[in-house]
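Take a look at this one chain, the form predicted on its own, written out in structure tokens.
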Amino acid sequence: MKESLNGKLQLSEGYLAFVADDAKSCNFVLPLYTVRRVERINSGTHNFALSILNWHQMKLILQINGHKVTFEKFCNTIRDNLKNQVRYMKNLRSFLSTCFSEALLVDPKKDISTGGLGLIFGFPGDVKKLRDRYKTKLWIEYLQTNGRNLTLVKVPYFSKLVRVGLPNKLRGEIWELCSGAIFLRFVNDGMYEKLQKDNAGKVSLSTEEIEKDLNRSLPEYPAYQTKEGINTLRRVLTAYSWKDPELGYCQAMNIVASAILIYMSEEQAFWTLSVLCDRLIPGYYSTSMYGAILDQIIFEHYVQNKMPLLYEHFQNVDVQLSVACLPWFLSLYINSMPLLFAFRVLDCFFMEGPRVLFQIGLEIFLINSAILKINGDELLTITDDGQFIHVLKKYFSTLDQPAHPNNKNQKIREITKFNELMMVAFKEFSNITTESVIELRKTHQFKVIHNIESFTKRGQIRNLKDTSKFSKNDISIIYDKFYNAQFYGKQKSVRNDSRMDLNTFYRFLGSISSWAKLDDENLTKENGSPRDNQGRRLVGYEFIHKLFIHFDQSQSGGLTLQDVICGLGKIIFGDLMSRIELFFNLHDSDLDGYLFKEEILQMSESFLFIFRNRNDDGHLGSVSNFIRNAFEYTDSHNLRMSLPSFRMVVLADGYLEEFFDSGFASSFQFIEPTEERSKGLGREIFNALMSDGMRLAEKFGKRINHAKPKSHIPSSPDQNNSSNSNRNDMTSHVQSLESSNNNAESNYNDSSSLMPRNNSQDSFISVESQKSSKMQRNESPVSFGSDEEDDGLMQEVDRLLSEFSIDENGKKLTFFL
């Protein structure tokens, strides 16, 4: 091919990309590890020119307009980047041996050893009727002229070849190439096998769901009636669930994966599925399917504008387009039309799809519109959803029939309904652009997110078995607080399900009670116990951990919304005696019905932790009295205190009695600030964006911070088509987002450690027990005298606790005031 084209050239660390001014004329993405030689040449029409020879001996001439300084900078950059990519060239031969196009150009009749299930169980359709051999011949001519696999150049003839249908053996490679998955597979060599090896034998919620759907995946195809086909599908879906545990697995993924496995090897299908879920149709296979629902709104918008009579009729008879159309989008038509035609749709989908990161296949939308256009007259007669579905199913079942059987022209009679469908999609609706779809998504996305969250919230609250006497408003606030804590704590969470782990519970409890706000900066763990940077035990974390265990009735290590509501309900709607018993049980670590010396001291620490932010110092005297009276009324032989004795000690102190009677329950406030109400919108979308941002930051942050360009592995062209400066800007933007998220997290983590007062030496407080015949009751727990009296109480508490300090293997349990 000798043709001059004007366009834009972009260079990244791993790729050289070109797009003609008329994007349909020519475009290519050339990995730098496929470049054999770059030379400067003299050009009669341009000041600067480069000759690039790629791996397949195809020469590209780049004539560059611009200043000499710019050209020199470009040359120096491409030289340095080429040096960094040389080490990847050693993998090229083995990788290209997995590409059918290599064998096709050597010997078209030679059988290939690697590929999809179709090589073993046969491909759908009649090879002769599909004219597979003739299509293969056309592709051989194209690949010989325009490169192949990693070095292929797309010219207008490429799209024509794709639209008439791909040859069976070449289809998987073209899908992989168009989607960009081929580049991911090369730079992540061995990752698929590693995922399988590292997670062999592991079980998760996703793997359990996968097992349920395996036998429902294209049962009409012979491979999925055998163990070989089922095992192949299981490995691909399971590997993806471990690669992206946040998404894991969702129904309909099995349909798409089973379809592409007919034409692709396991590794090819794995990376193509990754591109589908991450870039082409994001949000389709999430828990809420927000991406698919959003595109349904866009679809209805186009129907309303382009077929107003049909749309108005649907509105009048209350027919929902999504009843029939949502399954089309989720399964990419694989479940809606005969496989032979569904694969033709996928041919166009992969070719048109990967233009932007969050783009959804435009062709799928166009074909949907075309279906309604063709069947418009019949659809105007329907009166309910059932008739609507019946009309469309009837049409899909006749796609192989002639569209005009009575026409005198034989060529026209040979046009099938499917061919007519494709022509309508590409011609009559060609004015539907990617830009218009993206703009509509921006317009409607927050409405969709809000509706999904409202529906999900109502459903979860309705399904609660026990609301523990909470009002609807309180339940709503607890729900929001629960999932806000889940959202902001997800990066640190060790769980992949919807249960709340301990770290997130710290955040959640701090959002509804001021005494529970903790500061986890410089936090370390020693023998499982949270400690500060000086190794001192942090009492607040231990007390909240006790509450977490108490709330976790199923002992699963995580809390559901139901667990949290029941746990809080027992505290807030319980009575004086039940709260006293709760505190006793929280500190009875061995559950023997007694508190020993160590447990009594830990309870005193818990009291001081909860009371630490109170304006008065009445709690100091109360804790002092509690410790004194507790040890006075313990069993003198075993130094242990029973629940009745504990009740008597608490009720002997007015301050503690008031705390258990009302103070503890009233410390939980279910008030949602106005600014927090908007935080819940779009958690799932923003979480996906943040995950992408975190991955980008992790990938490029090291290069920016440490300036080690040689350490970079090239990524797919979708990520690398921008200039280096643009990617630096993106990295900065991602870091800014991360910083913003951290600032938001800090709202939940106000100062929580019990800091030393007056900068004095931290000390552990204990109590000295002296038997007396009468318990001392603090009659006026809140009212205290001068500052000197307050200091005296501090000293008394300090003296009492230090007397009974606990030394375990020479280590003191420290607590600071």
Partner chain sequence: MSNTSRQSTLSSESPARAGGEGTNQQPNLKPVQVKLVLLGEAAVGKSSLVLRFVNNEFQENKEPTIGAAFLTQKCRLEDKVIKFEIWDTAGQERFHSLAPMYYRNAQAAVVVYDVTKAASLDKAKSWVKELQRQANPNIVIALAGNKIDLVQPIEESEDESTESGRQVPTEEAKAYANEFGLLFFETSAKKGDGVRDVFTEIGMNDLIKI
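Numbering follows the first chain given and starts at 1. Everything numeric here is computed off the predicted structure, so don't read it as measured data.
Separately, the form predicted together with its partner chain exists; it is not shown, and the next lines address it.
Only one segment in the set 301-309, 149-157, 587-595, 215-223 has any non-hydrogen atom within 4.5 angstroms of its partner chain in the model of the complex, and it is 215-223. Its partner chain in the model of the complex comes within 4.5 Å of no heavy atom belonging to L518. Although the partner is absent here, P644 sits far enough away that none of its heavy atoms falls within 4.5 Å of its partner chain in the model of the complex.
Under a 4.5 angstroms non-hydrogen atom cutoff, its partner chain in the model of the complex has H390 among its neighbouring residues.
The closest heavy atom approach of A252 to its partner chain in the model of the complex falls within 4.5 Å.
The listed set S578, N231, Q669, S397 contains one residue whose heavy atoms approach its partner chain in the model of the complex to within 4.5 Å, identified as S397.
For the candidate set N76, T287, T433, S556, a heavy atom within 4.5 Å of its partner chain in the model of the complex is found for exactly one residue, namely T287. Residues of 294-321 placing a heavy atom within 4.5 Å of its partner chain in the model of the complex, in sequence order: D318, Q320.
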